[in-house]
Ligand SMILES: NC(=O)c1ccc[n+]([C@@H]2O[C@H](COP(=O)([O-])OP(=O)(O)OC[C@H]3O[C@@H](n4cnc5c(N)ncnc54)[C@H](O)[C@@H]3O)[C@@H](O)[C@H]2O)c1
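Only one chain comes next, encoded as structure tokens, the form predicted on its own.
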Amino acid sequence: MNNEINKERNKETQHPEFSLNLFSLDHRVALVTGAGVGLGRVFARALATARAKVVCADIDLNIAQETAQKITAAGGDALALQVDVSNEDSVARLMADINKHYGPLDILVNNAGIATPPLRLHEMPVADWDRLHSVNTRGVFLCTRAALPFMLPRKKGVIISIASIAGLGGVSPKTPAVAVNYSSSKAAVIGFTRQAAAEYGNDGIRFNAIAPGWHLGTQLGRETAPPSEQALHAFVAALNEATPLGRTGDPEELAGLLIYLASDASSFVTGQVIAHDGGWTAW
């Protein structure tokens, strides 16, 4: 009986045996929001290396163009477009432009995000709360909602949202770089990802989230006055001590996980939140 059941399942799935070709994104159209700097630039270049056609979108068109130019100079296919992910009309124009230039979207990477100065909750201006959530939470909703109509008719699509270990649990005040508005926005991204995966599994659309730990060079702290060199060294030393691998991450180390989740290599993976944190959440 079990053998017959397995045969029927194999007929239904008919997935090929493992091959490195499963990681190829050849001919697929991928959008990365916040692609001008930091993790977004890493993600855009990684997708292009896997042979996707990459749309580099950012609120700052100039830096989006820099990313696209780096990709095309390396032989990839990229297009730079401006978008304000918190604005419904701007997002709608972005999706229409992508469809016009490349065709229907296959992969969406919800990467655009900001951080405000790390004030404690009782000190935080309402304006900081609202501005951050307009990008980190509303932006994920608007971009995903606008992408789905291009994926649903073809019964396929991949949506990857960038969360954070700060969305998985509280961060000690001894590491004063995370504020409650940021943590709550990333927890929202995690809940959004899991619920969307449950809703759209039958439509062949996969939702997953990456929760990075401490990766230096992400540009998230650009609104905060830079610390002194001594304070920065002390901060990094504290992070290293609190991380089982004994170091912070490099943004480039996230590229492999992104390609795995975007490709057919992860065809049975949906609704997952994968921490990329050197073991930070393992303590």
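What you are looking at is a predicted structure, and each value in this text was computed from that prediction instead of being measured. Residue positions are given as counts along the sequence shown, with the first one as 1.
Only in words, not in the display: the form predicted in complex with the named molecule, which the text now covers.
**Q** Exactly one of Ala196, Ile98, Met151, Val135 has a non-hydrogen atom within 4.5 Å of the named molecule in the predicted complex; which residue is it?
**A** By the 4.5 Å criterion, the partner-contacting residue is Val135.
**Q** Among Ala209, Val85, Ile107, Ala78, which has any heavy atom within 4.5 Å of the named molecule in the predicted complex?
**A** That would be Val85.
**Q** Hey, with the named molecule in the predicted complex, do Gly113, Ser164 and Gly213 all fall inside the 4.5 Å heavy atom range?
**A** Every residue of the spot touches the named molecule in the predicted complex.
**Q** Spot the stretch among 199-207, 178-186, 69-77, 120-128 with residues whose non-hydrogen atoms come within 4.5 Å of the named molecule in the predicted complex.
**A** Of the stretches listed, the one contacting the partner is 178-186.
**Q** Just to confirm, Ile59 within 4.5 Å of the named molecule in the predicted complex by heavy atoms?
**A** Contact check for Ile59: yes, within 4.5 Å of the named molecule in the predicted complex.
**Q** With heavy atoms only and a cut-off of 4.5 Å, decide whether Val37 touches the named molecule in the predicted complex.
**A** Flag for Val37 set to yes.
**Q** Within a 4.5 Å heavy atom cut-off, is Leu257 in contact with the named molecule in the predicted complex?
**A** Because no heavy atom of Leu257 falls inside 4.5 Å of the named molecule in the predicted complex, the answer is no.
**Q** Taking heavy atoms only, is Ala242 within 4.5 angstroms of the named molecule in the predicted complex?
**A** Looking in the predicted complex, residue contacts with the named molecule do not include Ala242, since no heavy atom lies within 4.5 Å.
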